[in-house]
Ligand SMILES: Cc1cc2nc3c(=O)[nH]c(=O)nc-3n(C[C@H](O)[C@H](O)[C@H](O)COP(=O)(O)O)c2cc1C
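In the form predicted alone, a lone chain appears below as structure tokens.
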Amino acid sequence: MSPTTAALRAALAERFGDTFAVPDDLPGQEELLRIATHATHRAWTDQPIAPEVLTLLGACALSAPSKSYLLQADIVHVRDPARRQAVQALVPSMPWMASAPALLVFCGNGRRFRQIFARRGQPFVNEHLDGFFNPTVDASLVMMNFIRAAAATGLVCCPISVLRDQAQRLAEILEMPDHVFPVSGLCVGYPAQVRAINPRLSLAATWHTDRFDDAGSDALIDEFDRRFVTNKEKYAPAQATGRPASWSDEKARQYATPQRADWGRFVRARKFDLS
């Protein structure tokens, strides 16, 4: 077994708590290993990112698939210091954003396609929820493509979805017109440290064959909770209060408080019809 094959099997086992068959002669294992060991970073070195590299990564990201070739994703590179400071001020709970060499905002763009109809004097007849959903998916694919492209060059990233808590103010700072909306921010930089692999639910919970089946969901979540706690105990310092909380306990606490209840109102104000 090659070292890369062994490393890939070990990474997947740590991630999912299961054993995976990896053919020794399977091509592309270096890229698969990079994906399997992905981690979100919130600390960077002070090494700047060359502007041409950032633009190159943007071009690679925007090469992602697009629903019906409608091209409904845009990236805003927040470079001006005053604008960037204003964006960062929207999320005071994340002061580490300020040290990231680059801050991007990935946007869904339903405006460009509507402009095509307006220029032709034609009514836009697809004004419904799908008209919002499609650019959201396009922007998400572009952001994931950027993260993968960045990893190939040694860069690391951290998505900032909490920017949507202040979506109206963010849209004002970045001068987004109607039918353009933020999907997520993204901090980019060179890693200051190595991050451990965070576990995921087993494939028994998330990989389905022929039909969706969550009959064993409770047991699979319990199994994941145990691995989650073990992982925390392995990589985090001991807590004075005892064992770390489980994943399901953490998420239940997090979402016990309403979040982004005004998101629908913001999207409708962008002139999207969500019916």
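Sequential numbering from 1, following the sequence displayed. Remember, predicted model here, so these are calculated numbers, not experimental data.
The form predicted in complex with the named molecule is left out here; the points below concern that form.
- Residue contact check for H38: one or more of its heavy atoms lie within 4.5 Å of the named molecule in the model of the complex.
- For W96, a non-hydrogen atom is located within 4.5 Å of the named molecule in the model of the complex, even though that partner is not displayed.
- Taking the partner from the other structure, the named molecule in the model of the complex has a heavy atom within 4.5 Å of a heavy atom of V162.
- Interface residue remark: K67 is not counted as part of the site for the named molecule in the model of the complex, having no heavy atom within 4.5 Å.
- Residue C158 is the only one of C158, I173, A149, V76 with a heavy atom lying within 4.5 Å of the named molecule in the model of the complex.
- For the residues V87, M143, C107, L104, the 4.5 Å heavy atom test against the named molecule in the model of the complex is passed only by M143.
- With the named molecule omitted here, the record of contacts in the model of the complex names 197 to 205 of 107 to 115, 127 to 135, 174 to 182, 197 to 205, defined by a heavy atom within 4.5 Å.
- Counting a residue when any of its non-hydrogen atoms is within 4.5 Å of the named molecule in the model of the complex, the one hit in 1 to 24 is R15.
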